[in-house]
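Alright, two takes on the same chain below, each alone as structure tokens: structure 1 and structure 2.
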Structure 1
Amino acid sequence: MSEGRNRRRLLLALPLALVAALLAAPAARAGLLFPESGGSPNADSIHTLYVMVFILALFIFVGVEGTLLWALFKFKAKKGATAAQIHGNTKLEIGWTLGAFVILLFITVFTFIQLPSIKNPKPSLIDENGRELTAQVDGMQVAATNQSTPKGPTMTIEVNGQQYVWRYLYPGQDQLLTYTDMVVPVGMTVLLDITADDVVHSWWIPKLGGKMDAVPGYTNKLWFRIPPDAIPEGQKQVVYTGQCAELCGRNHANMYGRVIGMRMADYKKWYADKVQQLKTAETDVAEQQKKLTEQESQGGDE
């Protein structure tokens, strides 16, 4: 019997050692064993949930694969050995069925504990003017959209997927549109309304959390909040990259998206510049058009 106990101890020790090794260097393992995170609280919560399932999975993996291989090698046919003629064992069967249920129940409970922190946007850390907010209250559930709105300031950007570019509509009267690069203030909770104009696309910036499909005719919800300290010392911005995740045609592989986080003051400056640029561009275009029509009407009869 001590042989059996040793074996069991070995089976337990192996995953434990692995878990220890993994937790010792979590950052380095991102991408290899764990999903990307670090750009937003929901990405971090998904990461936590993943690690927890990973640890459980490791035990299941080592346990099941271990016994399978053990059975294959230990009971390899030898001269003189006879096979035990067993047809089943009801107690054992009920035992492992219940065991499987319990493990899954555990994952379910843990998922529902983590879920609110992934799904429901957290309140912003700053106000519209970039001042830090201290009192943080979690939002209320709004039934209609099935995503809660946090108290305090937030910023809603409409994301629109088009073959093969992302278009963003910023809040405010200027109706500012940008393509591919989305610029946001760090610390601010950004709510995304995601849709598409032509085919299905999928919006995904791995470090900012999960992906959401952009389906024409529907609006999908997502949010993120870049931590203020994500901008490296002495620099003006932090950049997160991603690309479309749903096959949307021939250039699907080249449909990139970037989110650029800036401090509020820099963001405001960027926004004002952008609006100004667009206005001058618009007047330029209008002038050119005017010239063109004039030319045309002058030479129209030729």
Structure 2
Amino acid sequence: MSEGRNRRRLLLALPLALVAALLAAPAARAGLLFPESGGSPNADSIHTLYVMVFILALFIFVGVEGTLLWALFKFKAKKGATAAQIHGNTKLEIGWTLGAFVILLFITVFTFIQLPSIKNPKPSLIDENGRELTAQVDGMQVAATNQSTPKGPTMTIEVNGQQYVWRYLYPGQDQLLTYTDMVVPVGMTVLLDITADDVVHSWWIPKLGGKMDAVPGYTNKLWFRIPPDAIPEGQKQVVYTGQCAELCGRNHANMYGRVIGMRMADYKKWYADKVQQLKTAETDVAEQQKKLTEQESQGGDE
């Protein structure tokens, strides 16, 4: 087989392997061209900002490349013709400098307009019992701290990254801990306090908005609110998947995370069942330890 044929096959195999690798990692792709959205208001704002910048960049790309191609064909070399020697064009240089400034100014202004809707949590749409609250809390002023806290009910969950699993601590006296799966009521604004125990991780559920680093010794803030109508008709929950977005060790690729949205009644049932399961497990372990102690004691007496 000739060397040229091998080289052509290698050149064809490389892009195919790259495409296959991308298709095999849907969570990392997080949308083919644009960020995923629809799972939370901040994700929608990120998507809007991304699309605006993409469209603007597309117009600029087409304009620049179109002008370049037009110039290449218009002024291509011809027999007997001598190319004009041009040394700068002051008007043209000032024009594209001002044009670039205006484009950057527009992107900056639009970004700062969108930024509050990405950073500041919106109020919950429901109260602690699942009743709608939209009319009472929309438009209320919010307090200013590291992350604005809207008035009305919210749920704060502590997110802790550990090699290679996510741990969630729920509010309340039960001190409920879960791993990998975070279950929340839809319509409720969920505030996240994100940290880590060992190395730097990054919590990211693409459809729920931006990602946030989990850094040992620091607490970073993030939020989301799943729309009540996100649960498909006839089903009890909606599931959003994600993965650690910071290379955190050799098993980083296995550090998955899921957020499961339920209606308030289903969430309360899940919470009560989970607390009961843990209490039952603790009781069983205590009884087993007691039996082992008694057996060891009896063995010692013999």
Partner chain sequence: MGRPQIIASAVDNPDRTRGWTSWITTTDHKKIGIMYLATVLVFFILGGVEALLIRTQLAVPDNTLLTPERYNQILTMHGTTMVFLVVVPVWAGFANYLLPLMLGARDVAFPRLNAWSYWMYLFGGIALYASMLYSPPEAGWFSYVPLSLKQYSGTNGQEAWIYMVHLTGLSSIIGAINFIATIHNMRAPGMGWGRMPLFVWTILIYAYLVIVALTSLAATVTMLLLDRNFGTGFFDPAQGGSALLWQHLFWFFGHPEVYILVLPAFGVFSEILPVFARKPIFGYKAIAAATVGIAFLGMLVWAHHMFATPMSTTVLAFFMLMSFVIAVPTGVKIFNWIATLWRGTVEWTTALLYCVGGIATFTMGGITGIFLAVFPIDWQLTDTYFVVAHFHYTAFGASAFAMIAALYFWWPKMTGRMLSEKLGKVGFALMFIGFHTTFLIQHSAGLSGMPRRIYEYSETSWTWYNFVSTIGAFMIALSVAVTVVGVVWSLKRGAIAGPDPWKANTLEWFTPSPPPENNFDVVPRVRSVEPMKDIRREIEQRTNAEQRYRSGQPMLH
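Heads up, when I say rigid core I mean the largest set of C-alphas that superpose within 1.5 Å between the two forms. Here the structure is a predicted model, which is why all the values come from computation and not from measurement. Numbers follow structure 1, counted from its first residue as 1.
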For this session: Can you spot the form predicted together with the partner chain among structures 1 and 2?
Result: 1
Exercise. Cα of L292 displaced 2 Å or more between the two structures, core superposed?
Worked result: yes
